[in-house]
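Below, in structure tokens: the form predicted on its own, a single chain.
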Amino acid sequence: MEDLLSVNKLDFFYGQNHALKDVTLPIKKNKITSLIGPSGCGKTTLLRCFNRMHDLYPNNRYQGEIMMEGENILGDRVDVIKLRNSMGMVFQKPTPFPMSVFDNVAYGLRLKSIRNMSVLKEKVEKALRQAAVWEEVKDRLNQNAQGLSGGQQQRLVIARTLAVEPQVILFDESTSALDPISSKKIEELMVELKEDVTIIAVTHNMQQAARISDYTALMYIGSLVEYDDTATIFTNPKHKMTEEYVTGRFG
């Protein structure tokens, strides 16, 4: 199984706060890897290392490496804008821009200097179809995206992410603000999308991690407790803490 990303001895600091400690794990290509663990354990901190979101704030620093295609993406010479294009991110709360459905999906394409309207239309439709929301919005493309339901907005955000053809999509608790029916649609979509992209997902929902992910990593107080294929993590973990967490005895 090919690794797309390899996290090696990663430490991360918010100022003096040592938030991630010696984290090492692979991210398998075209698979879903779930990051689980109690609140404040470092899941989202790790997720945001992959697209260097921490660079947006002062006094944050990385040690160690995240290797991708032979390059340490934490290195000083990395083109961070290009990196973020290849690492789409979907947040907990749907974040459509205050513009039309079409313009939301076309936004990143226009940033890449795609101006030809027929090309834009083709790519927008493709992304909306990939995100399983085309049939619901095809007659509303010129309407404000903020008029969509929460579940539709989240799938629109996924379409906006897919439009620029990322290699990886980072999902940060992306169903926690949605109703069960919308959550199920997003889960099904994530499983379909791994044909085209690699997915890393932070979730508090143990059942969700068990349902959708191929690999699971348990974090605790900034450290990686255990990483394995999801079936092993949930049925035959090596560490007592993992067993207690996935069975609900702590966390």
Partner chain sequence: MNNLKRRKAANFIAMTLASLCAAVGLALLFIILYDVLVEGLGSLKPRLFTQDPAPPNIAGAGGLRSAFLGQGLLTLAASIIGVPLGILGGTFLAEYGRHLRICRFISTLSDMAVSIPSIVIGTFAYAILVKPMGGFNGWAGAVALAIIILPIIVRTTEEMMSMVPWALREAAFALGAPYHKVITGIVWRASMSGIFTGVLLAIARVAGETAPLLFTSFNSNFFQLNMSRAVPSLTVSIYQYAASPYESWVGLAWAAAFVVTILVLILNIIGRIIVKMRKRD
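The shown structure was predicted, so the numbers you read here are calculated from the model rather than taken from an experiment. Numbering follows the first chain given and starts at 1.
Just so you know, the form predicted together with the partner chain exists too; it's not on screen, but the next bit is about it.
Visitor: Using 4.5 Å between non-hydrogen atoms, is residue 206 touching the partner chain in the model of the complex?
Guide: No, no contact at 4.5 Å.
Visitor: My question is simply whether residue 58 lines the interface with the partner chain in the model of the complex - judged by any non-hydrogen atom within 4.5 Å.
Guide: Taking the distances in the model of the complex, the answer for residue 58 is yes, it comes within 4.5 Å of the partner chain.
Visitor: Using 4.5 Å between non-hydrogen atoms, is residue 85 touching the partner chain in the model of the complex?
Guide: Residue 85: contacts the partner chain in the model of the complex.
Visitor: Contact with the partner chain in the model of the complex for residue 48, defined as at least one heavy atom pair within 4.5 Å: yes or no?
Guide: Answer yes; at least one heavy atom of residue 48 falls within 4.5 Å of the partner chain in the model of the complex.
Visitor: With the distance limit set at 4.5 angstroms and only heavy atoms considered, check whether 91, 96 and 99 all reach the partner chain in the model of the complex.
Guide: So, yes: the whole triplet contacts the partner chain.
Visitor: Exactly one residue in 130, 161, 153, 175 has a non-hydrogen atom within 4.5 Å of the partner chain in the model of the complex; which is it?
Guide: The option sitting close enough to the partner is 161.
Visitor: Just to be sure I understand the contacts: of 53, 225, 189, 210, which is the one whose heavy atoms reach within 4.5 angstroms of the partner chain in the model of the complex?
Guide: Filtering the options by heavy-atom distance leaves 53.
Visitor: Please name which of the stretches 175-183, 106-114, 135-143, 68-76 has residues with heavy atoms lying within 4.5 Å of the partner chain in the model of the complex.
Guide: Heavy atoms within 4.5 Å of the partner chain in the model of the complex occur in 106-114.
Visitor: Between 64-81 and the partner chain in the model of the complex, list the residues on our side with a heavy atom within 4.5 Å.
Guide: Sequence-ordered list has one entry, 81.
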